[in-house]
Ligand SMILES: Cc1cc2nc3c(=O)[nH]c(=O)nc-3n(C[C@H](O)[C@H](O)[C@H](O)COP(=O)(O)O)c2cc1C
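Given next, in structure tokens, is a single chain: the form predicted on its own.
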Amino acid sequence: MKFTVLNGSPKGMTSVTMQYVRYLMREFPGHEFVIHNISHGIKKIERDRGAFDAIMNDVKSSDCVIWGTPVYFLLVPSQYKRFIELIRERNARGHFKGRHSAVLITSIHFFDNTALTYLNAISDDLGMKYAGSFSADMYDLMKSEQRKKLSTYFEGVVRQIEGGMAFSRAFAAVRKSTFRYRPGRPKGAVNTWNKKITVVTDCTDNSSGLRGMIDGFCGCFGGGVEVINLYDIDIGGGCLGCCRCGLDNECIYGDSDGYINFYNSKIKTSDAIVFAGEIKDRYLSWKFKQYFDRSFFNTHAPSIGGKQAAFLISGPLSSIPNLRQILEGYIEMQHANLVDFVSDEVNNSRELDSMIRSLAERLAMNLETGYIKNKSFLGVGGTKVFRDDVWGRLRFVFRMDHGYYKKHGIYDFPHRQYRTRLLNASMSVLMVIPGFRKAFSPKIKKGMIRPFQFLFKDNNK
């Protein structure tokens, strides 16, 4: 069989992900593997139609396409995202239709689920037969049981193709609306409390509904809101995955482009950031992905902590819960406060006026009070993944993270709770005694609320 591997790593064949592909090539020599380094060569693929067509020819002649990629900022790298957009822009979906697809992802299991969901959905949208995924930790290949699991997974993909098995579609098609929002007259200026509000957008069409949403939002404040278009920022390229920033927060791009200065002088100095973008396939645009990826020069430490955040999105947001989860997870991991999402899928300008006005008022209210909501599992679980890996195997690379985590108490491991450890040890012994366990069980419910009683002493008198 012929397998066309679309490599999403900007590092080309020196990537961790491609070591897994190399292993499959060694273990299964009877199959043909053709590798295209998509992210590494994205500028040529954009510029040279012949290079793009060569990839499409291999896709069309293959039995299976392997989407092989690392996870960057809860999704695929921006360069890979650009390639996926090119497939649509150049009407090349027919090359993928009917082909089998498989996904091979490497990461530290930080939001690998959202990246997997995205590529599964993209496969569905391209009319492919999705044969499953393999999500590996960076160094799983060093373990014999994981090598066996990878081989078993690949054998399963082959058997599915050979057996002509039927595949169900996991994600419904996303239907785009033709509605164009036109904002009404603002009702009066919302108080900004002398705070800096910045709108970040990639909007290039002044007649679009997204432009209307931006104008409507800014109009709520009567001016004073800065709108920054990502296309006006000198961004030389996407994140290269070199991890040089882990040592001292110095990006390999340095001063060769304008991104670092833009982020430090505009984003970090804002009190509220509103992201305004249009849905492209099942995410925002590749330009927004490039923005998020390049912010990794701050590594795993939050760079917009304590700020208010909101999203103005043109497109069917409610049809893509994975996108909402990605953006929610991003804001929580940044220790910022997500005010809300507003999308134009309501298809009613008057109703959208009210929603945007409400968003502006709630954002201003939070700017006044400084409210930051508690994290959900997205932020708590994600922080623990980073905490454990930065404490362990990634510490020498991500020195800046290690220092930040120490200073801000993120290393809150249970081993420091000596009192709890002593209690657990003694109670574990007592709980094996039948008489003690019988007497203790009825007290569990009241025991769970006993720590709160000091709050209600006056009520108990």
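Predicted model, so just to flag it, every value in this text is computed and none were measured. Don't overthink the numbering: it's just position in the shown sequence, from 1.
Note that the form predicted in complex with the named molecule isn't included here; everything after this is about it.
Just one of M213, I331, L284, V71 comes within 4.5 Å of the named molecule in the model of the complex, counting any heavy atom, and that one is V71.
Among the residues N366, S107, Q160, N298, the one placing a heavy atom within 4.5 Å of the named molecule in the model of the complex is S107. None of 319-327, 348-356, 73-81, 273-281 except one has non-hydrogen atoms within 4.5 angstroms of the named molecule in the model of the complex; the exception is 73-81. Heavy atoms of A170 never reach within 4.5 Å of the named molecule in the model of the complex, leaving it off the interface. Proximity of G241 to the named molecule in the model of the complex: non-hydrogen atoms within 4.5 Å are present. Heavy atoms of V16 reach within 4.5 Å of the named molecule in the model of the complex, making it an interface residue. Contact annotation for M138: at least one heavy atom lies within 4.5 Å of the named molecule in the model of the complex.
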